[in-house]
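Next comes just one chain, in structure tokens: the form predicted on its own.
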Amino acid sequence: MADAFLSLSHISKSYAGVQALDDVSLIVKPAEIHCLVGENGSGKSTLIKIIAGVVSPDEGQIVINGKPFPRLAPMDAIREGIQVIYQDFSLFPNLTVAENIALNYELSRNTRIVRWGEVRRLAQAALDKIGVRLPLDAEVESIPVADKQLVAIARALVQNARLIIMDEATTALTEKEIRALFGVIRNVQRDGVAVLFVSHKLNEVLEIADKAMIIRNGKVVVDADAAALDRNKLVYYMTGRRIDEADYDYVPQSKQPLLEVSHLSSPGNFEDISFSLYPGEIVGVTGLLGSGRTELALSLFGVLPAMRGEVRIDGQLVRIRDIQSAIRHGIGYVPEDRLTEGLFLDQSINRNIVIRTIDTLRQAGGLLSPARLEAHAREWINNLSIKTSNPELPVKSLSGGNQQRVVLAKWLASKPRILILNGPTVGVDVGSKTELHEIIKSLAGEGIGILVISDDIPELLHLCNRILLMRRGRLAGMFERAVLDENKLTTLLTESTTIGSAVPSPQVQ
């Protein structure tokens, strides 16, 4: 196609007999925002690597800016204006913002002396182009994740990008940061740069995309104008099945709160937080970066003990001074960053599941029976439908959704009464997300009180019967789900002033 910047025709790729891509064609036009959508394992990553020249296809043709490339190398892709921003951003943490943006360009000129004034000028010009202000002399390791994303975009523009590929760009961003990022993407688009936006967050796809291509099991299912799609169609094309999730229907089980938090404070983190959680209830906690929501979760789990206030479980005052005391009181915590905080990645799936309950599985004399450990792990693999060919494989071999199930299994095996889920579906695809939601609703139905820490607005509205909104370390509002919709909660989440007043906790009639 004459007006295409990038044209892929009939691309196929297999690894050791496994077909990663099968006859995939893609056209990206200048200044077009084209979303690439698919579940984990659908072939998205392989397609990105082929466009970047990192992987060569087994079959098919690649044309960039009218030039055919029988074999595309990474430097060819860069020279033609293709820049990939991976999830880790590939920045140098010990270098400054200006150096990360412009130093590669300066070094590519093959001069003996780096012109530091020119480095700053190029960096500032790139930031001006996307309409953001960042401290040029700040080391990148010291700036927020959202700002690192902007540094990576500015670096791509300095390299004369004509197509920027953004791989799961919003995974670690808050709702407000996502809005700001979308503004930057539209600024880039106005300058004639195309964007290939890879995501499994369907509301983002529908908001930002001009076109969307959905791939499933390595094949293109649909490539269409985004305006012709809606959430239900995207889910169907991605999964091959229709998913109709019913909101969690909370039925009060007791007049006695399971958890009562009164005037809880941790100076510098959060102040004067009060709420109740009942058996079988799912309560959401949300807020922007710096709101104190994660610090509150860590306090209730004993990682960051509160300095003031009270916590009661079943009406009894408890002191949560450390993780061990939280566990003794029946509190479990599933962290947002499962890779660094929730799992031993190189250890087997079995071992990750039994680590919390290993002492209870010891036989007389303190010996551990491998058969008993395996049977215990297998029970939870079956209970949570963890998909694995061999439970002795390292847990890092699993998909994101299955890794999250392993973390859940580890805590459920210890029979918690209160479960804190921090970003329970971050980084998982829509099919796994739906299955995890069903697991969470089932656990609540069994009487577990669940706190969901999240800024995924559809998730909060789907799971929670009440939502606590935190802002600058304080409780800014408490809302029944019945009075909220996506637009209202988004507005509340991004407002800068304290809003609302607490509604009463639910009671059994």
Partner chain sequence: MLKKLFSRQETLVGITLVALCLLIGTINPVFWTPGNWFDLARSATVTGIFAIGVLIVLVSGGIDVSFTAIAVFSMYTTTVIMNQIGFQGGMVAFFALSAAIGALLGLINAFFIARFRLPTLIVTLGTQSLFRGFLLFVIGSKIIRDLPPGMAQYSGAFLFTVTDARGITVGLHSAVLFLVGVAIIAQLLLRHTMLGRSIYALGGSREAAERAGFNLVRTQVFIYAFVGVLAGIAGMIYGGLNRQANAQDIVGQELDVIAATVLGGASIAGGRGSVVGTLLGVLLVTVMSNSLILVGIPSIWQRVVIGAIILIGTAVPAIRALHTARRANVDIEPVPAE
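None of these values were measured; they are calculated from a predicted model. Residue numbers count along the first chain shown, from 1.
Not pictured, yet referred to below: the form predicted in complex with the partner chain.
- Contact annotation for Asn390: none of its heavy atoms lies within 4.5 Å of the partner chain in the predicted bound form.
- Using a 4.5 angstroms limit between non-hydrogen atoms, Glu139 touches the partner chain in the predicted bound form.
- Of the heavy atoms in Asn104, some are within 4.5 Å of the partner chain in the predicted bound form.
- Taking the partner from the other structure, the partner chain in the predicted bound form has no heavy atom within 4.5 Å of any heavy atom of Tyr278.
- Comment: the partner chain is not present in this chain, but in the predicted bound form one of Gly315, Gly268, Pro370, Gly192 has a heavy atom within 4.5 Å of it, namely Gly268.
- When the partner chain is considered in the predicted bound form, only one residue from Asp210, Glu175, Glu260, Glu99 comes within 4.5 Å through any heavy atom, namely Glu99.
- In short, of 373-381, 127-135, 91-99, 424-432 it is 91-99 that has heavy atoms within 4.5 Å of the partner chain in the predicted bound form.
- The putative spot formed by Val221, Ile320 and Gly330 is not touched by the partner chain in the predicted bound form; no residue has a non-hydrogen atom within 4.5 angstroms of it.
- Residues Glu295, Val303, Leu304 of 295-311 are found to place at least one heavy atom within 4.5 Å of the partner chain in the predicted bound form.
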